[in-house]
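This document opens with one chain alone, in structure tokens, the form predicted on its own.
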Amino acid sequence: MKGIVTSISGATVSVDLRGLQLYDRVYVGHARLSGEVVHLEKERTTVQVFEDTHGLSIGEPAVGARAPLTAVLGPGLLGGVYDGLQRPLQGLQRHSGDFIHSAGEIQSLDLQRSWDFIPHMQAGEQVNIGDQIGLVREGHLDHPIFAAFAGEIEQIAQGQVCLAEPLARLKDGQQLFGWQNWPVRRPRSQGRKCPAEKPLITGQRCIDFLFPMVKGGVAVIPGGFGTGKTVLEQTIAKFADSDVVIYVGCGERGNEMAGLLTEFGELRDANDRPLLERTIIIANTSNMPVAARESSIFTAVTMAEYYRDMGYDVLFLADSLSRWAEALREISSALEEIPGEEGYPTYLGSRLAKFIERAGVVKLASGKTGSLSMILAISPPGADFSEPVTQACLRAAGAFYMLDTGLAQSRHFPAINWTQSYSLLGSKAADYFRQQVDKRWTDLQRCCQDIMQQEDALREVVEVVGMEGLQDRDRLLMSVADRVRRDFLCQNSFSADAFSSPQQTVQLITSILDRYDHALKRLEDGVLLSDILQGESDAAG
């Protein structure tokens, strides 16, 4: 299927190809720039090109691939760093140098890499679609290989294999390879969705204790510039109890992404393994084409679903969805679509929902359970949380961690505002924490929240009458709340306190609350507040 380029407007190109479907892949120009169909008319097809169109001219050839944008799924993804089209950055560097230009097609997986294949079936056995025919060891994980076709096995490999060769051959001639292609915009449905109940331990006390996240849930982290979104996500990526981490740098600054790649290569996770061994990074910086940025989160979530469908717990981190939405707005504007609020396309909410709904817990046919959890950073302009992207995410998210500019400026990190944040998932995690950690978990949580809410209300009184105008009991509460903020909710991501297990969290908050109860009793017994506070200060020192 061939045609020619008829018009060019930036990355939006019209071609005279017919017979294409929406989101089909198209190769444009002599350089074979990759793009996808975004608009169809009777006489013309509009293609959004994923790459820089500098130098492209009218009359150059256009070729339809008759297939949508797909992700290549197989052993070797872990530890990889890719662009929004799943092209490895190392391959792009070899092709065009440190500054990426139009690069054409580059293999996502090293098909010549050798793997030790352990077969689970033998010649003569009947195999069905989705059956596990064997596995390879990928880093710390067993990577199962599933059959893409049904039939009787005629031959199956064993020992050292490479992905370029079939792992099994059926009697009807079909070949079973260790990799597969999957359309990135089509959710994988390899199992039955189940309720999300087990908590995702992040090591951040403010999250795990006050606003718990569950495996298979979705949380959003909106915050203004400098509030610590990136550092918080990197810390969670390091310590979260997940088997695989997918990190998407969507439209972030190039120097920030370069620093992240360097740091991820040096960091070790909670099990003292190199963090990059269980991580896949999608790097699509702000100077890269916007169409590839828009597709990057779909490419990444497809890889996340792939590992989820093996029965693993996958954590998906995106930084940030605001840059993704800006790319969507730029594409929509180039297509001359009717804009919605603040210029975003009217389908912003539905497009976000199609992506976010791919999170969840899945019960597989093998009896295993896999989960895909999402933590999504948002960068609202001017820290305005009423803007469209934040509001669209809130409709689908179960947890909301608001990063406060005031807390960040006072050097309180993570700068999660405990009065504005919430989690709809806390009740699901409460049973687990009561049974596995401490039966007083819910009571301690409620007591801590009450103290912080009372302190927030008293701050308005303090601004009028001053601290000396408060009653002794209220002044004691303000002192305890300050300690909760300073010693409990505040964590340094670059120290040994960066991770706090649930047991350590309970121990610390219990110590603070027990001392508060003891101080209240002494106050009721007539001890002067100044003596109580002095004793607390001496004990803390």
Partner chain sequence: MRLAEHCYRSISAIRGPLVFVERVFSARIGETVTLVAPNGQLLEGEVLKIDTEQVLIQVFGETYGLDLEKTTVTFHDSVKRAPLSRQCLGRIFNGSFKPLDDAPMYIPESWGAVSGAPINPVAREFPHEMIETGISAIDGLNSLIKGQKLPIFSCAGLPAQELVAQILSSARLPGEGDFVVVFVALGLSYHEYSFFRETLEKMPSRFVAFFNLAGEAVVERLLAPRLGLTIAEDLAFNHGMDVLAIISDMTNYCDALREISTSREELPGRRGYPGYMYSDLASLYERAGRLHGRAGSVTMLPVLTMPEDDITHPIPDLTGYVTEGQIVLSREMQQKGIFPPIDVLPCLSRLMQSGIGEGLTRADHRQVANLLYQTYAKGRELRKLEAVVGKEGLLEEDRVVLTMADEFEKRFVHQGKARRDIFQTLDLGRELLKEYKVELT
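Numbering follows the first chain given and starts at 1. Here the structure is a predicted model, which is why all the values come from computation and not from measurement.
In what follows, reference is made to the form predicted together with its partner chain, a form of this protein that is not presented.
- A single residue from the set Asp172, Glu463, Glu266, Glu165 has any heavy atom within 4.5 angstroms of its partner chain in the predicted complex; that residue is Glu463.
- Contact with its partner chain in the predicted complex, defined as a heavy atom within 4.5 Å, holds for exactly one of Met288, Ala196, Leu78, Ile156, namely Met288.
- Residue heavy atoms within 4.5 Å of its partner chain in the predicted complex occur in exactly one stretch of 396 to 404, 254 to 262, 123 to 131, 67 to 75, and that stretch is 254 to 262.
- Contact annotation: Gln21 falls outside 4.5 Å of its partner chain in the predicted complex, judged by heavy atom distances.
- Under a 4.5 angstroms non-hydrogen atom cutoff, its partner chain in the predicted complex lacks Ser242 among its neighbouring residues.
- In the predicted complex, its partner chain sits beyond 4.5 Å of every heavy atom of Arg486.
- In the predicted complex, its partner chain sits within 4.5 Å of a heavy atom of Lys229.
- Proximity to its partner chain in the predicted complex holds for none of Gly191, Asn271 and Leu372, with the criterion being a heavy atom within 4.5 Å.
- Scanning 76 to 92 for heavy atoms within 4.5 Å of its partner chain in the predicted complex gives Val81, Leu89, Gln90, Leu92 in sequence order.
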